[in-house]
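One chain comes next, on its own, written as structure tokens: the form predicted alone.
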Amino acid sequence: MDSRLSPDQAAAREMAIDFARKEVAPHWRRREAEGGFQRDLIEKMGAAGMFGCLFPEEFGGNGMGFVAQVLVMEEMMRASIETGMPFNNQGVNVPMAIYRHGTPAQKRRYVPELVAGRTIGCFGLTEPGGGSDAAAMRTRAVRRGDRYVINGSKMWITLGSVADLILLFAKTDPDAGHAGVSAFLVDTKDLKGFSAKPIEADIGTRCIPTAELSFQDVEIPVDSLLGGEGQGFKLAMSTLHYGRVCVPARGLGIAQACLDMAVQYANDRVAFGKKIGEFQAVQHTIADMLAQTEAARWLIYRAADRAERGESFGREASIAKYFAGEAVMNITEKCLEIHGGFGFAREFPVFRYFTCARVLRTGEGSANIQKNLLGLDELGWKKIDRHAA
């Protein structure tokens, strides 16, 4: 792997840094105080090309690749949580699933709109009784003529209450286990029998809603099916491989932001007559934060580089997801320690990042799931699907 950025990758990173300086840094406190989803911000990010790195121009993308996408995500999460969290819905999981498994008509209809930020997407997999155990889902989709009728519910769905499009997973054959899961593209506009209830949850920002989705005899056209009946579980797992390349980049953005804040605070804060950065304990803490941030960075970049080259990357993505999740939890906690009581003050975003780090450690496969995958793979008992199917 060449550690030097290509011109396109460097340009993508600079674009994100410039956008963050102009559109995010001056306004995040106001946005957070007001709360509520900022659709206009998502549209601005889409217009700037931030969600299009993984897609060709014919589908609204810019084709810059995985490394560029990771760089953009890192910088946007470093700037603020509300600009880092939407990437999987708009630029990775949802449009990637459609791009790789959809019909030509589905790809033309949805991918450009998601990438542009004009359509808000969500990933409807987790249920009240099953998160990591996705095959235990109870949501049903029964075919009746030229329609599917859906009944069930989904839980902890990021942007679920504001989404225009749901990538929904439901059982079409409840007796077939994994093989009975199918995927659907559900337009929420004027959808009878559908409701989205916001969940009061602290994910570090008030601007990215989380919701419970309910379906009561919801009818959708047969052509809403994505990838064929019984292909949903395989589709979801292969899509999550791509997510595991990119999700750790959001944690990396948090880690870098907390390192930046810790350094600045240690250089400004005076205690016992000198800057706290002069105390060796603080220096050692910052050294730990730096080493973990850099280690996470290059694991993530390696996974992205392999995906971009078309090489196997499932194992590398799981390693990056696991390590970065653990590292960012440790880094945010150390940043809180350095800030003392001010770490909990709204003047500083430290606690927001600490809370969000815990969410990212769980999403796209929890730390224990990653350890299960990696342990079985290393023992040779069950290999990780290293090429996304």
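Nothing here was measured: the structure is a model prediction, and the numbers come from that model. From 1 onward, residues are counted along the sequence shown.
Unshown form predicted in complex with a small molecule; subsequent notes refer to it.
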| query | finding |
| --- | --- |
| 4.5 Å heavy atom contact, G227 and the small molecule in the predicted bound form | no |
| The small molecule contact in the predicted bound form: S161, any heavy atom under 4.5 Å | no |
| Partner contact for G253 in the predicted bound form: the small molecule, 4.5 angstroms, heavy atom | no |
| Contact of L41 with the small molecule in the predicted bound form (heavy atom, 4.5 Å) | no |
| The small molecule in the predicted bound form reached by all of P95, M237 and T239, non-hydrogen atom within 4.5 Å | no |
| Listed residue that, although the small molecule is not shown, lies within 4.5 Å of it in the predicted bound form (heavy atoms), from G102, P112, G180, G130 | G130 |
| The unique member of L125, L299, C207, M289 whose heavy atoms fall within 4.5 Å of the small molecule in the predicted bound form | L125 |
| Location of the small molecule contact in the predicted bound form, chosen stretch of 355 to 363, 340 to 348, 57 to 65, 27 to 35 [non-hydrogen atom, 4.5 Å] | 355 to 363 |
